[in-house]
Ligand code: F6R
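Single chain ahead, by itself, as structure tokens, in the form predicted on its own.
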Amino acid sequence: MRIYEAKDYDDMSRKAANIIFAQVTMKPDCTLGLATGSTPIGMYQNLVERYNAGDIDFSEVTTANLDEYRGIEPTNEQSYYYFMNEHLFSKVNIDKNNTNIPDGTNMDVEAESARYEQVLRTLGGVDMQLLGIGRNGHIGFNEPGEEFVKETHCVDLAESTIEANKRFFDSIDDVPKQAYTMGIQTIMKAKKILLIVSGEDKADAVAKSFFGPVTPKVPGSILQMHQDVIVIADRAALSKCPR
């Protein structure tokens, strides 16, 4: 695991975009595992700027998103399908047929979990998986628990996750209580992992995930076992890590 300190959110976003840029440049037909939320917005903005400058070509790229809320339409402004289209897909020359996101409208948990896991197998693996990390150490929507769930599944969101996400909705009652997510084993199969994190509110999760014991009670800690992880974190997020 390589940890790089960024000065602030903007610096973190630029550094992360540089790594994605290098991945696409070296392998134009790569498969990118993508993430949503407030943390990667700046990174996506940087990539769009590079595309507009003619520096990066997404025409051969395939993508697979980590997760999606269950019971939400793709036209809903809070769906991750909508997010990806708003911040990246509609702004670059990616083939929409090569983008993959769990189907939040499929209420058959077993069927949708199996379908998306098969999609990921068919892609032949993710070249680089982008991750954020939650305040409780979750990656994707893999919440703290008694064991690492291996494959794509539906998860009941922790109260802390619902609380953190309520800022995106009119009220906490509108926040979905379940989501489809890649499992830990699925994430760990990626050839490379890029985790980005910003803010003092993530400092505890960062310290526990990267410097504490590997435990399903802190899902992010499993990344210590991956052979190729790059972490880009700003100074505030690293404030509780050993120096």
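Given the structure is predicted, the values throughout are model-derived calculations rather than measurements. From 1 onward, residues are counted along the sequence shown.
Unshown form predicted together with the ligand; subsequent notes refer to it.
Heavy atoms of Arg70 never reach within 4.5 Å of the ligand in the model of the complex, leaving it off the interface. Proximity of Arg167 to the ligand in the model of the complex falls within the 4.5 Å heavy atom cutoff. The ligand in the model of the complex comes within 4.5 Å of no heavy atom belonging to Thr31.
Though the partner is left out of this view, Pro74 does not reach within 4.5 Å of the ligand in the model of the complex, counting heavy atoms only.
The stretch that touches the ligand in the model of the complex, counting heavy atoms within 4.5 Å, is 139 to 147, out of 106 to 114, 139 to 147, 120 to 128, 92 to 100. Residues in 181 to 197 all lack a heavy atom within 4.5 Å of the ligand in the model of the complex.
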